[in-house]
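Listed next as structure tokens is one chain, alone, in the form predicted on its own.
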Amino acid sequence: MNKIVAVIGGGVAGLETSIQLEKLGYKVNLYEKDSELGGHAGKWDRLFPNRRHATEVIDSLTSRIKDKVQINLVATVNQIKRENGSFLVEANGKSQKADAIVLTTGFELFPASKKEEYGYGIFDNVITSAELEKMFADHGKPQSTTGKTPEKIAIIHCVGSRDEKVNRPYCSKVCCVTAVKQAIEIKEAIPTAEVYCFYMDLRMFGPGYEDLYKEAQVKGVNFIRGRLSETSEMEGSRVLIKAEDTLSSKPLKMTVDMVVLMVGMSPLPSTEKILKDLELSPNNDGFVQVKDYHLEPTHTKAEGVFVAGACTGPNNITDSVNAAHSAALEVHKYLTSK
């Protein structure tokens, strides 16, 4: 079989798509803009719901890639052109032919600085969930800028999700369970710490998620239904937060050592150029529009162009792997029917 498939994006969805296409006998050109594979999952420490180390998942995926997958790292796809029923994919000044395209470009984390009232980038001890995850990976626990172990930590849900003010009206799907996981990890690393989760509502929909929430309660994590309104910095780089407890309809003030912002998933801006080249449009949330949400979720309206993973909207790792399997099979059906 001499058919070539271009997979654009080397995160979980791109890796699994490449593995499945190779098993089906195709040559795969895998393009990844970063210097290593794994996407956002590759930068994470432990995964929900069982706190498995993310490196186990990424290492398992990369070890299954064989010789028919050509990996192109630090490869930004600049242009895709149709040519005689196929595609020309240009990256870093080099063009390669492809008979089909699978977009697995993923997402970017919401830039927390857009929520100025939360103080990210202004106050030292206001960090994102991704930065906390790196602290776990590097040090095993959160660390404040003062060098002291934080004893009071507020975790803020839905930063850049379900927020019309920043044009992110959708739910990012994984923030609630990530917050609960990280709250448990803080309590395990610093048993004396007070941990507060400020949430709109808890969307614990996946297998094992509700058990994780119950574990957090047993470990003493405090859950407050309310949304943060503003922060200010106090002496010693502590942070004063103002919120409303929406269950009691009362305003709330609290001084903490650290604020963790659970940043949601946003469309990746660089995907816009690829969509224009392929004469495709984004969906209402800015992600890649699929052909039929219910019946053809890995197809686009462009012939020969398929999708998998979080480029179509917020997804967890399991969703992305399942979509990758489906996309590979749909590519196979498309190429064998041509």
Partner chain sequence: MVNFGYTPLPTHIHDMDKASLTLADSISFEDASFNLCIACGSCTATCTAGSFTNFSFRQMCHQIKRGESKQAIAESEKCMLCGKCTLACPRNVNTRNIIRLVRKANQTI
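Just so we're clear, the structure is a prediction, and the values are computed from it rather than from any experiment. Numbering follows the first chain given and starts at 1.
Keep in mind that the form predicted together with the partner chain is not shown, yet the notes after this line are about it.
- Looking at the partner chain in the model of the complex, residues Tyr196, Gln217 and Met254 each place a heavy atom within 4.5 Å of it.
- The partner chain is not drawn, but in the model of the complex it has no heavy atom within 4.5 Å of Asn84.
- By the criterion of a heavy atom within 4.5 Å, Ile224 is counted among the residues contacting the partner chain in the model of the complex.
- Not displayed here, the partner chain is approached by Leu247 to within 4.5 Å at the level of heavy atoms in the model of the complex.
- The partner chain in the model of the complex comes within 4.5 Å of no heavy atom belonging to Lys114.
- Of the candidate stretches 70-78, 92-100, 264-272, 206-214, only 206-214 has residues with heavy atoms within 4.5 Å of the partner chain in the model of the complex.
- Put simply, of Lys141, Lys152, Lys173, Arg162 only one has a heavy atom within 4.5 Å of the partner chain in the model of the complex, and it is Lys152.
- Contact annotation for 319-338: no residue has a non-hydrogen atom within 4.5 angstroms of the partner chain in the model of the complex.
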